[in-house]
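Form predicted alone, single chain, as structure tokens, below.
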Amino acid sequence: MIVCVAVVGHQNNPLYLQSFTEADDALKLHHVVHCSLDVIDERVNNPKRNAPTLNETFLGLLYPTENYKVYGYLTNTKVKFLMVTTDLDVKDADARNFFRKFHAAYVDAVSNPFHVPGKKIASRSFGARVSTIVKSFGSGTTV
């Protein structure tokens, strides 16, 4: 189950962060997302250690904790997508499919002529589309 998704700009500025839990653990999820940014920077800035995945946009499992697992995706423009899940056995194919759909929704949102590049994404249609993608995660359905 996905509990949080985030879009972080190339200067590590938060562009979008949405949690999908009823509990008041939003601050904890913000912390988990923030900690995983260091892992992304380490993987991107140390290409010798990660040579096979250098050109790969899907970064895989970034930051496992006791309760959550964080998966990452890096766009060509260095915008980072993060998914925080409580599932212990997320398949890479499901995560890749999620990020592919999430990236398409992001591209549609920032292609809006009224969106200011580098600013938070405040589009209601983007939020609704992300919620639909999150609900369909792991079920094998297409959005």
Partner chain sequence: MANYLAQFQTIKSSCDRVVIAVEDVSDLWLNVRQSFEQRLPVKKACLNNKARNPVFVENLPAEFIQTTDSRLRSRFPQEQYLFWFREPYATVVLVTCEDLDEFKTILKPRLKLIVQNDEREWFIVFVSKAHPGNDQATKMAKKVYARLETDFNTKRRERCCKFDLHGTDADFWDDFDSKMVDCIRNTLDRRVQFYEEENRKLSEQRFTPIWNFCNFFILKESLAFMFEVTNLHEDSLREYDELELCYSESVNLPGKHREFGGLDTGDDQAALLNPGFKALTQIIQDDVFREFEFRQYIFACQAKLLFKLSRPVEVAARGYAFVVGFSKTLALHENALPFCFREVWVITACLGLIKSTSAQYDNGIVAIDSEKEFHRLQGDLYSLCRVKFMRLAYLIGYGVEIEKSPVNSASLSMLSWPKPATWPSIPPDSSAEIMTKEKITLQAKPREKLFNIQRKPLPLEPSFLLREANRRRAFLSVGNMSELYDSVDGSGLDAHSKLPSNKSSSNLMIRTMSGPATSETSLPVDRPMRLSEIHVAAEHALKQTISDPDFMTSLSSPEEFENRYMELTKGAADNYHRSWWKRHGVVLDGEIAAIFFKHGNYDLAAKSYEKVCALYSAEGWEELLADVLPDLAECQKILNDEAGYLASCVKLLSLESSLFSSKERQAFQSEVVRLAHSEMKHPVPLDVSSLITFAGNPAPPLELCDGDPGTLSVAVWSGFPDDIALESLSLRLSASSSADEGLKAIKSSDARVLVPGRNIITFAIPPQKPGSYVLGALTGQIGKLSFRSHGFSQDGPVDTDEFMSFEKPTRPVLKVRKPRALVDITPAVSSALLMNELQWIGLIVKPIDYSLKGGILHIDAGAELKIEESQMIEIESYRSNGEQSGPTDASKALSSSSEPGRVEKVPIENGKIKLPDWASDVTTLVWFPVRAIDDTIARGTSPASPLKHSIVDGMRMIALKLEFGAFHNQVFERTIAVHFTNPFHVSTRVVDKCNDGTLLLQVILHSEVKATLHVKDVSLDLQAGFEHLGNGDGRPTSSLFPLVIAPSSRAGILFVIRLSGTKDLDELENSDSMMTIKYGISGDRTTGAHSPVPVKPDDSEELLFKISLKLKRPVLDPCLAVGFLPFSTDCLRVGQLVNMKWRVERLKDLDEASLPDDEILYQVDANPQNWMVAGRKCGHISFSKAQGSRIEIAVTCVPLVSGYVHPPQLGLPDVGEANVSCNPAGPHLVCVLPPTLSTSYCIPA
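All of these numbers come straight from a predicted model, not from anything done at the bench. Residue numbers count along the first chain shown, from 1.
Keep in mind the form predicted in complex with the partner chain is missing from the figure; the text below concerns it.
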Flag residue 127 as yes or no: does it have a non-hydrogen atom within 4.5 angstroms of any non-hydrogen atom of the partner chain in the predicted bound form?
-> no
Is the gap between residue 17 and the partner chain in the predicted bound form 4.5 Å or less for some heavy atom pair?
-> yes
Does residue 5 make contact with the partner chain in the predicted bound form, using a 4.5 Å heavy atom cut-off?
-> no
Contact between residue 13 and the partner chain in the predicted bound form at 4.5 Å, heavy atoms?
-> yes
Do heavy atoms from each of 31, 67 and 86 fall within 4.5 Å of the partner chain in the predicted bound form?
-> yes
Just give me the residues of 116-137, first to last, that have a heavy atom within 4.5 Å of the partner chain in the predicted bound form.
-> 116, 117, 120
